[in-house]
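Starting off, we have a lone chain in the form predicted on its own, written out as structure tokens.
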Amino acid sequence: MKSKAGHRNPKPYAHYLNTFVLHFRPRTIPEGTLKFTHTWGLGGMATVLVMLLMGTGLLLKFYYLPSPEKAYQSVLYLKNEVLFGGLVRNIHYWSANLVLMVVFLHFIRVFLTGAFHAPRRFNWVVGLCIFLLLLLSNFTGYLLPWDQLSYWAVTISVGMLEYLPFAGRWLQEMIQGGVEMGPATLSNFYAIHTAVLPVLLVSLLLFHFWRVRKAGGVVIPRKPDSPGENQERRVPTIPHLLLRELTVALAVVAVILVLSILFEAPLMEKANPGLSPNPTKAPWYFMGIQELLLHFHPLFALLVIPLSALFFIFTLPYFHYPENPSGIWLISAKGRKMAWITILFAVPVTVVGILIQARFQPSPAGALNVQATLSGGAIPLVLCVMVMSGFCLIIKRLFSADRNETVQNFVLFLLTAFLVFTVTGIWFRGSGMRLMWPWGGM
């Protein structure tokens, strides 16, 4: 369009904003998907946290020196001498921890609303890969301060690989860059954390967003046992969805800033390879696996159980389901009752199992010194599988559950048990990995 003077009118800024936003979002969306409690804004929160991580990580690179002799001092200098250096480090730390929780809750939300069915099956796999990349990113970044906390947490985690058959020792030395933790380890972790993982993460995130749009956005919320999809009216993405996403983004940034101002990112004394703390624990997101090592043979705790669980969760959307309950929280009213019963059963059963282990093995030497034969270590696993399978079969018959409800209960049992293991490892394991109350004594 030209003006009377013959000059082309510049396009308004709103046009460019619309064009950019609508590359990632459809022009219109079902009105029901705007309800905050349908998705809780978890996907948007995770995206904002990843952006904060990359922005603050880029700033930290200007001062960090990736060598055992200089890494710790560079972090101290950044924290104490650089203007707002401590705040930037705190934002990076809290964003890294919070993003794992948010993505995990996002995974739970997608599962409990049935949003992993077709046409979103492959995007479920992509999302799980993003979660694994974020775990790896947190783990590689955990070592970089090179203090006692990070050094020994990574040492205990990498040391777990030694118990894997055949390739365990080789994997351990490959990750460490040698037979022990040292300059090669820090260099490897720094390169992976700052170069390899960000590229993979951004690529998968963009692909994930594209798949969400290709599938028509998030699933339309439906009432339980409704006879079909709600035919809701559609509303423009701009401003309805955009304003809500900006609000959530600002809220997330505000929470991170408050946490970063009130709570310092931990930094202990410089790493000392000759003096390990007691207890020596893995990072909190690996504490569930470390706790498993106290109850099962390392072959099962590090290989059989994790790989079986991962395979099951990755292939979850590809089971044959007679019905597609996408958009319904916990599938149905019956599904909600079954879910609560499963959680309320799994928590005490898991706690009792932990207490039985403590009774018959009252002085565990630590997660990396489990003395159990392969046959003896298989007995607890067989008992656990029998209890879990028996419970799921009983509740399936009592409620005449369909396949969706049965799978939901099985996954909830697994997740609940693993969360109990994680909480126990973080707060209820003290000196020598003995059970104790968080405030001392047991």
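Nothing here was measured: the structure is a model prediction, and the numbers come from that model. Throughout, we count residues from 1 along the sequence that is shown.
What comes next is about the form predicted together with protoporphyrin IX containing FE (HEM), which does not appear here.
Quick one: does residue 217 come within 4.5 Å of protoporphyrin IX containing FE (HEM) in the model of the complex, counting heavy atoms only? Yes, residue 217 lies within 4.5 Å of protoporphyrin IX containing FE (HEM) in the model of the complex.
Contact flag, residue 30 vs protoporphyrin IX containing FE (HEM) in the model of the complex, heavy atom cut 4.5 Å: Answer no; every heavy atom of residue 30 is more than 4.5 Å from protoporphyrin IX containing FE (HEM) in the model of the complex.
Heavy atoms within 4.5 Å of protoporphyrin IX containing FE (HEM) in the model of the complex: does residue 134 have any? Residue 134 belongs to the contact set for protoporphyrin IX containing FE (HEM).
Is the gap between residue 163 and protoporphyrin IX containing FE (HEM) in the model of the complex 4.5 Å or less for some heavy atom pair? Contact check for residue 163: no, nothing within 4.5 Å of protoporphyrin IX containing FE (HEM) in the model of the complex.
Counting heavy atoms only and using a 4.5 Å cut-off, do 295, 296 and 380 all touch protoporphyrin IX containing FE (HEM) in the model of the complex? No residue of the spot touches protoporphyrin IX containing FE (HEM) in the model of the complex.
Answer with one of 193, 270, 120, 336: the residue that has a non-hydrogen atom within 4.5 Å of protoporphyrin IX containing FE (HEM) in the model of the complex. Spelling it out, the residue with a heavy atom inside the cut-off is 120.
Heavy atom within 4.5 Å of protoporphyrin IX containing FE (HEM) in the model of the complex - the one residue of 281, 79, 109, 222 that qualifies: By the 4.5 Å heavy-atom cutoff, the listed residue in contact is 109.
Among 408 to 416, 63 to 71, 387 to 395, 39 to 47, the region lying within 4.5 Å of protoporphyrin IX containing FE (HEM) in the model of the complex by heavy atom distance: It is the stretch 39 to 47.
Quick one: which residues from 124 to 140 get a non-hydrogen atom within 4.5 Å of protoporphyrin IX containing FE (HEM) in the model of the complex? Residues within 4.5 Å: 124, 127, 128, 130, 131, 134.
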